[in-house]
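One chain comes next, on its own, written as structure tokens: the form predicted alone.
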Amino acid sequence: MVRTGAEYIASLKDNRCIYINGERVSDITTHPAFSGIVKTFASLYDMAADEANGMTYLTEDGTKANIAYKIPRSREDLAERRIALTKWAEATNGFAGRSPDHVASFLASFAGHPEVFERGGERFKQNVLDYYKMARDQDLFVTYVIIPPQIDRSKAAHEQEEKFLPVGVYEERADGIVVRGSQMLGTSSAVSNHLFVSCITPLRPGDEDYALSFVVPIDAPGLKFYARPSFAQDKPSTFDYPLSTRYDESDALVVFEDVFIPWEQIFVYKNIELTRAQFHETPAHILGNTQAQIRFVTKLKFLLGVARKMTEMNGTDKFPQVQEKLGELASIAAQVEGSLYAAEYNCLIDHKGIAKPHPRYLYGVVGMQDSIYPRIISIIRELAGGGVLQVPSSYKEMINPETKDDIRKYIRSSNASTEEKVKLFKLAWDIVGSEFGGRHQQYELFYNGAPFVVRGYAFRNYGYEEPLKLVNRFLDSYGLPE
């Protein structure tokens, strides 16, 4: 089935344990810290459920499902997937980094390579396949926590001063395990249905109790979410903070207070090698990052549009120095989009018949993301100048009889009304200067790991045989003079 927005919202009304501002949230769908992003995600489900949008497919079992769950087996499948996921990305302008299509991409990859999990035992292979079909057919919103908490990164999980600071196996039972500890960074987890829990950072010998991969419902007893401060809750209106109020996904520290996990929900158990293999010996890391790049391409287009519209409104778009900055933005956006298309066009079909975008072009851009996004924000700041600071504190000054005349007289443009100018520059501030904007700058820098980690992906996946062959052929073409 493909859920509607109303069905998604109804699925969140359970006994989940979310804390914010020192209080437990009684209803995540109406709480001001979360209601905006709930409505946004609900609109995505409505979009996918509308057959006119072409975001569903017929599964091998004869069911209809969201295309995010489709296991791609050809270049055409990848293109179909990109077109559909782009529609969701455009609906959020690329600002929802952990929308439902992200972890769905990982689950589809796991199901495409169940033999990886079989190395830990036949039942784990079956668990992966069964869960994938259940999540697919129920159109579940699954998020993940795959990073241990920042306590002492110089030590392995088993070397921490206390056991079970990262999540690990506390007790093994005949019907499952009990886990204890914590994990980060639960982006969108508070408003999702299930949580995929594992560890993508390298584990060391002795960390076997922490070498896990499992899924758990968000409302499982003992599972607690401690959300960071909301960037939506205290805002006066969507007019004043158009991104913060709609797209603040929330991030959370996730605590496992003796949470019971049935064997049927476990994919990897006390196996360091398979904990890593699930991400890199299946297409999971590649397909997950492809979804992220589809989103990033859309986000860059949106930022380029904001920059161009600001300069048009200020009458500076004719200045050569401004065109140079806009040209730089255009070049960056085109390079990122071109790499996405190149990865898809040059896709590889693996030994299981699964299509995956070419890692050379995918990770080539991922490896530069820590410099791409800060540069774009810097250019937008430069083009905006003081304009983002010369806006009223809220929409109320624009309707108050005592203040509205001054606002309309002194904040305006020769080609736009006061309302249009204030609206645009408040949007620009929400990108470059608000807490929401700051969080996105941090997110784009580190969502895939530290810069040396993501450049390591580019290093390992480029394929140096080709450039080395060119160099060696040239070196072999001459020698010492006789």
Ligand SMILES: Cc1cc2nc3c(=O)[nH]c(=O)nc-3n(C[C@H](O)[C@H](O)[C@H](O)COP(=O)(O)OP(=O)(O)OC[C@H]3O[C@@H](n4cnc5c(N)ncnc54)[C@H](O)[C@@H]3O)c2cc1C
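Since we're looking at a predicted model, the values are computed, not measured. Don't overthink the numbering: it's just position in the shown sequence, from 1.
From this point on, the text means the form predicted together with the named molecule, which you will not see here.
Going by a heavy atom distance of 4.5 Å, is residue 187 a contact of the named molecule in the predicted complex?
-> Contact with the named molecule, yes.
Residue 426: heavy atom within 4.5 Å of the named molecule in the predicted complex?
-> Close contact is absent here: in the predicted complex, residue 426 is far from the named molecule, nothing within 4.5 Å, heavy atoms only.
Please check if residue 416 has a heavy atom lying within 4.5 Å of any heavy atom of the named molecule in the predicted complex.
-> Flag for residue 416 set to no.
Would residue 153 show up as a contact with the named molecule in the predicted complex if we use heavy atoms at 4.5 Å?
-> Yes, contact at 4.5 Å.
Pick from 85, 145, 376, 268: which has a non-hydrogen atom within 4.5 Å of the named molecule in the predicted complex?
-> Of 85, 145, 376, 268, the residue with a heavy atom within 4.5 Å of the named molecule in the predicted complex is 145.
Heavy atom of each of 90, 345 and 356 within 4.5 Å of the named molecule in the predicted complex = No: no residue has a heavy atom within 4.5 Å of the partner.
Answer range among 418-426, 33-41, 51-59, 447-455 for contact with the named molecule, defined in the predicted complex as heavy atoms within 4.5 Å = That would be 447-455.
Give, in sequence order, every residue of 94-116 that has a heavy atom within 4.5 Å of the named molecule in the predicted complex, or say none if there are no such residues.
-> The stretch 94-116, when checked against the named molecule in the predicted complex, contributes only 98 at the 4.5 Å heavy-atom cut-off.
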